[in-house]
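First, one chain by itself in structure tokens, the form predicted on its own.
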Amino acid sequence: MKAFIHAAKIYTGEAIINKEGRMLKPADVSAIADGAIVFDEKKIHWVGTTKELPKKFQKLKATHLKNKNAIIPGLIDSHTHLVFAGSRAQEFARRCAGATYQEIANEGGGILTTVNATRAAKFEELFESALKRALIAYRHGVRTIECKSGYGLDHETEIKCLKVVAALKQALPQMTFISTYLGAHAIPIDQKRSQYIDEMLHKTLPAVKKARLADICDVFIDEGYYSLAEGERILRTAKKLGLHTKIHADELTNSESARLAAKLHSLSADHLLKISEKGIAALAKSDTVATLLPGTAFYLKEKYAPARALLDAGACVAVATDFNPGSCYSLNLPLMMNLSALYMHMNSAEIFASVTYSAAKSLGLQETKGALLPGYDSDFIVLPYDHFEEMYYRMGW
């Protein structure tokens, strides 16, 4: 075991847990001044003030932080599309010149551009690029990251992408990877809609479960993608197989898919740019986390998700990067925290919870991650600052 002593502050997040991430005030970060933490490679054993450090730990090898560094839980990026090939920089330039995301998609671009490149890429190419991206996230303080498939849109490529995530788990044990099957990301152009849905239901989902390649199943329910009925059918099949569920919900239009997420007890409903008042009420009454992706709104020049309405209604809110090649090419989670403060009007405890406890809850990990308490995983980070707010005050840090 080891110890850090005389930390400027240790942000335990204990009050956030007690409130289940809802109706948070700034003090709920539960910061301990002049803090000490005792840990081993896996778990935290004790947290408190340095003065209160128990005698049985006082002879441990300790690092003296001289009250210059704060300690926080490792950040959790709970929504990313980490595995893909190719570039869509030219499409980004077109959007900047006035073309819309949907116009480009209707021309065969958008997601399908990345699908073609990902299908053509070898496993090794996908792994190497995903590994580099994961290390970028790590340098931004991320210790747990969710990774979706979804750029294959056929059985073989979706399996290939999920195997890349499995390989990342072995290559980077210092990070926790949560694997999400997102076969229902778009409609492939080389299969009939019904044929592809049947392939997901009867071939890919059972294979994913049998090989333990995914923890979660996600569906993009929106205009031009999957309908509410189709999404529910896919997600109920995933639940029967023992997978958790998520929904890309109410992003481009309001489909009331946030309400479906609450109905199905999904881990999270993500995006929510167009969520209705009924959707907000449904999430507030449920254990389904509202995962907001401000980088995507920024990238697409869209109105931000109604974070304040969700938070004030009592919803548990997470924030993630939505790193992807088309609508948010950034793995900088602190930058998303900055956008959350400036444009979604979230207070410091809400921002803290959104990338710790609430993000953990959106992945089903809230019992072991997202807080600094005895028994929780010891994947915390020591900041080069003496308080947490510096993380999102320094834009692009």
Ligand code: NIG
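Quick note: we count residues from 1 along the sequence shown, nothing fancier. Computed from a prediction, not measured in an experiment: that's the story for all the values here.
One more form of this protein should be noted, the form predicted in complex with the ligand, which is absent from this view; the next part is about it.
- Among residues of the shown chain, residue 88 is one whose heavy atoms approach the ligand to within 4.5 Å in the predicted complex.
- Among heavy atoms of residue 248, some come within 4.5 Å of the ligand in the predicted complex.
- Although the partner is absent here, residue 327 is a contact residue: one of its heavy atoms lies within 4.5 angstroms of the ligand in the predicted complex.
- When the ligand is considered in the predicted complex, residue 220 lines it closely, a heavy atom lying within 4.5 Å.
- Comparing 248-256, 119-127, 275-283, 169-177 against the ligand in the predicted complex, the single stretch with non-hydrogen atoms within 4.5 angstroms of it is 248-256.
- Proximity to the ligand in the predicted complex, defined as a heavy atom within 4.5 Å, singles out one entry of 304, 138, 101, 299, which is 101.
- Contacts of stretch 63-99 with the ligand in the predicted complex, defined by any heavy atom lying within 4.5 Å, are made by 79, 81, 88, listed in sequence order.
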